[in-house]
Every structure is written in structure tokens, then in C-alpha cells.
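Quick heads-up: it's one chain on its own, the form predicted on its own, in C-alpha cells.
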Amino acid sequence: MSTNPGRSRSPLPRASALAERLRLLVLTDRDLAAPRPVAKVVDAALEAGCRAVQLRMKGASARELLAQAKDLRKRTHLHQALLFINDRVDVALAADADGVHLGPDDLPVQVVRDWVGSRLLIGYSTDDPDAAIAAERAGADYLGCGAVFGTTTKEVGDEAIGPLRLDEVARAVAIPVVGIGGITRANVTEVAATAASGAAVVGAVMSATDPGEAARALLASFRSR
């Protein structure tokens, strides 16, 4: 498969359609999913209505990451869902994923946009309104904002920005913003009450006894607002 950025592909969703698919973005974590395979948890979430998945595999080799990405790409395709790859633009292109998610320590958004053109959606992590505006101007398609309630899945200390900061970031830009960090069924309504388009979760689905039921509960807060 060619990885030429100029290669034609199906049109990527516009902001409004992207916002709808990002009501629930499930991030993978094989340790939290264990002893179940990540794919089994993802399948349950997709069947429950999740339409966006981000592949994140700490410590995985490029070869292992690509194999998992290709497998998840088949599964998301069956449900017309989006697949994002965390950090690795090369793997996203090689797996024909829909997008890549970047952090402040990754390649700059503008550099990646110039590289991939319209082939990939680009997500970017920030909890600062000015940085959000800059990322949007550089070519980001959506933003991940957090940690809203704190998190144990990333090394961000005890920082918790709260729903008010999430709302501020979401109102600063025209692209979709998803809250991330410590979001559960118990507090997702606080995220849904902001201007954010959706919630990104790890443990709330990956470690759930019934991932499908957990995904439906999280989605319900955004569908009812």
C-alpha cells in the first residue's frame, strides 16, 4: 500500500460529523483490558455505539503497533468508526488509519499537516485556550483536553483542570474538543454539560466488566443533552 500523502481516499468527516463520532473516544490499554484481548473490549464498545477508537500501546515496537493497528482498522471499518493512532504518524499511514493524535512532545501539528495533507485527521492534546487556537490554525481537526478529573494512565501528576477549563477550551475553537482524564459513568454528565463534543476514556471502558454496557452509559449523557 502506498503511503503517498497525495493518494486519494474516502473524504474525511467535516467538523459537525466528526463531533458526532467523537461523543465517545475509547483509548486502548492492554493492561487494563487484561486478561481479555484489547480487540474484544473494542468490539464490545463498537457494538454499543462507540464510533472512535485511539490505539495507544505503551512500550510496543513499531511492528507490534502496526499489527494491532491493522487488526483494529478492520474492526472499526465494520462499524464505520474512526481509528486514531497515538503519536505515530508513520504507523497511522501504514495502517490506513483515519487519524493520528499528537501531544506537546510529538511532531508539531503544522509539520504533520504538511506531511500528510488531507489523508489523516489530526488530534492534539492541550488544556490551554491559546494553545488550542494555535493548534486549530495549524491544522488540528479536534482537541483532547484534560486531565479533567485527574488520571492514573499518564504521568501528569495530580493535575485536574475541571469541567470549567474544559468548557473554556471548547468555546475557544470551532473544532471538536473531547474531555479526557478520570472520566467515568459517575461524572460524565459534568463533561456533557460543557461545550465539549464528547469524552475520551481509558479505564471506564477498558477495565469495565461489561465494556458494551459501559460505553452505552457514557454515550447516553451526550445523546440526551
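Because the structure is a prediction, the values reported are computed rather than measured. The first residue of the shown sequence is 1; numbering continues from there.
Heads up, the form predicted in complex with a further copy of the same chain isn't pictured, but that's what we're talking about next.
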- Message: Taking any heavy atom pair closer than or equal to 4.5 Å as contact, tell me whether residue 62 reaches a further copy of the same chain in the predicted bound form.
- Response: yes
- Can any non-hydrogen atom of residue 66 be found within 4.5 angstroms of a further copy of the same chain in the predicted bound form? yes
- Indicate whether a further copy of the same chain has at least one heavy atom within 4.5 Å of a heavy atom of residue 133 in the predicted bound form. no
- Partner proximity in the predicted bound form: residue 108 to a further copy of the same chain, non-hydrogen atom cutoff 4.5 Å: yes
- Heavy atom within 4.5 Å of a further copy of the same chain in the predicted bound form - the one residue of 129, 117, 103, 150 that qualifies: 103
- Even though the chain is shown alone, can you say which residues of 70-97 have a heavy atom within 4.5 Å of a further copy of the same chain in the predicted bound form? 87, 88, 89, 90, 91, 93, 94
